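Let's start with one chain on its own, the form predicted alone, as C-alpha cells.
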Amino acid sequence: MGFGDWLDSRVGHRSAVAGSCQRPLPDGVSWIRALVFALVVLFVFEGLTGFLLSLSYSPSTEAAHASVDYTLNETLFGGYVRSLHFHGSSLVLVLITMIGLCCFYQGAYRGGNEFSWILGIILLNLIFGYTITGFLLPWDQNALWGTKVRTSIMGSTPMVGPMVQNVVQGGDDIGNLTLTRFYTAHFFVLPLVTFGIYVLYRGIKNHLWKKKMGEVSDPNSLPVYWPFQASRDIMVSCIFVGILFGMAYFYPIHLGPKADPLLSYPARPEWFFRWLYQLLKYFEGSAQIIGTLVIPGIIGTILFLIPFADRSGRSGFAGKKTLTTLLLFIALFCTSLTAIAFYHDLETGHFEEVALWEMEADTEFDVDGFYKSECFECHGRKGSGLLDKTPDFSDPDYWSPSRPDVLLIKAILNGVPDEKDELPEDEEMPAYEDQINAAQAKALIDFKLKPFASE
C-alpha cells in the first residue's frame, strides 16, 4: 500500500475530491459563479500577502513607518508584495461590483437567494472596513491625515458620533492605540467576520442546491462541476490574478514621509472614496451630516432592498426600469463626483505637491559644487546666512518638525519673491528651476543644508 492509499484509507480525501468535482449543477454553468470563485481567490491572495507583510510589521507609532520601509527596501520582493496587497483591495471592489451587476441583470437574488445578496452588501462594507483600517498602518503622512478626516466624519454623527470616534481612536486623537486597534481589526477581526460570511454563504448555497436537486428527475443529465464550471472558474481567476500582478508591477506603491501631526499634509482617500470626499465639500457645519450619513445611507438602503423591490420575475433591465434608473443615477452621481475631485486636484497641482513630499534625493548631484557657486555668497560657509533676511541653516530650531522640506524645495526651485519690495534686487532669493530639479534640490537640503545644524 502506497502513502496515498494509506492516507486515503484514514482521511478519505479521494472520494471527497471526486464528489466535489462530479457535483451536479442544477442551475447549469454560470459566469457569476466563476466571478464569485475569482473573488475568493483574490481574498486568499489578500490574506497571503497580508500575512507576509505582517512578518516584518510593528504596529506602533515609533516603529510602524520604519518597519514598512524595511519591508520595501530590505526584504525579498517586499515592495512587490505590498503593491499586490494594496491593489488587491481595489480589484476586489471592482470584482464584487461586477458580481452585483450580473446578479441584478439576471435577477440571481430571486428563488431564495435574497440572503446571498444581503451578505454581498455586508461584504462590500467589510471591504471598506479593510481599506480604512489598512490605510493607517504604514503610518506615513497620507495615512495619518487621511485617517484624521475619516475619524472626524465618524465624530460628526449626531449623539453617538463622539463616543464612536473616541472608541475607534482609543482617545481624543490618533496615536499608538489607534494604530494598534486598526491593526487588530485589519488582521484579526475583519478576516474572522469575512470567513463567517463565507461559511453562511456556502450554507445558503448548499441548502438551495439540495432543494433544487430534489426537484430534478434525472440528475445524470445535469452538467457537473469538472470540467464545465471548473474551466470557467480557472479562466476568470487567472485573468484577475494576471491583472493584479500587472497592476503591482506597473504601479508600485511608495511609502511617504513618516506621520507628523504638526505638519499639515494634502491627504486624499483612495479612488473609491473620492466621491464621498468631494461630496463633503458641499456641506459644512450642521449640514455635514447630509454628506456623511444621509446620502450614503440612502444609497446603501436602495442597494440593500433591491431583491425585495424587484417584482419583475424576469432577467434583463427592461423588466425593472425603476430600479435600473435608480442604479444608473447612483452610478452617475458617484462617478461625476469622483471625476470632479480628480479634476480639481489636477487643476490645483495636488499631484505635483504630493510628488514633492515623496521626492527622494539625487545622490549623484554635486551639492558642494552647487552650493559654492550659487548659495555661498548669501548663506556663507556655515549656512548661518550673511544677509538680514536669509535663514540660519546652522540653527537646529530652523529644522523643527513643523517645517517640511517641501517648502524649502519650492523656495529653491521657484525663488522667494520680495512681496513688500524691501530688499535690493541682488538680495532676493532667485529661482533655480532652470538649473536643478526637485530631486537635486532635495539632495542639497539633505546633504548640505541640514548638516549645517550639526556642525
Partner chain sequence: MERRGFVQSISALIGSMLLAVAGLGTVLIQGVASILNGKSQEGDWIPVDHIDRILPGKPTERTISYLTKDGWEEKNDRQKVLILFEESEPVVYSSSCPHLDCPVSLIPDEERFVCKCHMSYFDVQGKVMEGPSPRGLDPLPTKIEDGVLYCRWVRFQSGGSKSVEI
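Residue numbers count along the first chain shown, from 1. All figures in this text were calculated on a predicted structure; none of them were measured in a lab.
Just so you know, the form predicted in complex with the partner chain exists too; it's not on screen, but the next bit is about it.
- The three residues T194, P296 and T301 each lack any heavy atom within 4.5 Å of the partner chain in the model of the complex.
- Note on the partner interface in the model of the complex: the residue among H87, R110, R181, K212 having a heavy atom within 4.5 angstroms of the partner chain is R181.
- Between the options G291, G385, G170, G129, the residue in contact with the partner chain in the model of the complex by a heavy atom within 4.5 angstroms is G170.
- Of the candidate stretches 140-148, 242-250, 375-383, 113-121, only 140-148 has residues with heavy atoms within 4.5 Å of the partner chain in the model of the complex.
- The partner chain in the model of the complex is approached by E353, whose closest heavy atom lies within 4.5 angstroms of it.
- Looking at L177, you'd find a heavy atom of it within 4.5 angstroms of the partner chain in the model of the complex.
- Proximity of S60 to the partner chain in the model of the complex: non-hydrogen atoms within 4.5 Å are present.
- Under a 4.5 angstroms non-hydrogen atom cutoff, the partner chain in the model of the complex has R268 among its neighbouring residues.
- Taking the partner chain as it sits in the model of the complex, the stretch 254-287 comes within 4.5 angstroms of it through a non-hydrogen atom at P261, L262, L263, S264, Y265, P266, A267, R268, Y277, L280, K281, F283, E284, G285.
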